[in-house]
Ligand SMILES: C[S@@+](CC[C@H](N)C(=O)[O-])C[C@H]1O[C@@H](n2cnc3c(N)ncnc32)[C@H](O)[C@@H]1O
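We begin with a single chain expressed as structure tokens, specifically the form predicted on its own.
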């Protein structure tokens, strides 16, 4: 999903900068932008970068700011915004703000790599509403927690519609992947069924997940 075709990669809500550092290690030739709104974290990240990546200083930048205010219009070339570690509700706010900026800069080529910790259904609905297309999606289980990772864009050579509940994430290519999908579907349905007990608004979400055909 992350390749050398991107001139600029934004590692948002970067925490300690592990993801961005891993991208620097891959020598993609991209400029990696480390972004977080917490000043102490960004000071820590910059100190680590200066210590461990002094020879690559031209290929990384740090930004202490709100993700919604990324200066994406100031840079040329294809850009990738990675947002992980936050909920789908906050992610929607970021995407709406950046989507507006993208509309103001017609030549801006911007993709998103998203990994929400919850509210995946709401996030997918918003992406559909805004006209995004799906490049790829994967389901990952780590330490008994499940993560949907979505690679999306407004203009893509691979025009796949985004499903509100996901599509290929349920199609396991191995027996273990099939088990991961089964566990995730069971957990997701249980979550919305608990919500449904006090809120009938969740029924359409339950119906959508019940239509998933695991293979």
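It should be emphasised that the depicted structure is a prediction, and the values quoted were computed from it without experimental measurement. Positions refer to the first chain, counted from 1.
We do not show the form predicted together with this ligand, though everything after this point is about it.
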property: Partner-facing stretch of 105-113, 78-86, 136-144, 123-131, counted where any non-hydrogen atom is within 4.5 angstroms of this ligand in the model of the complex; result: 78-86
property: 36, 67 and 90 each touching this ligand in the model of the complex (heavy atom, 4.5 Å); result: yes
property: In the model of the complex, residue 12 touching this ligand (heavy atom, 4.5 Å); result: yes
property: This ligand contact at residue 41 in the model of the complex, heavy atom, 4.5 Å; result: yes
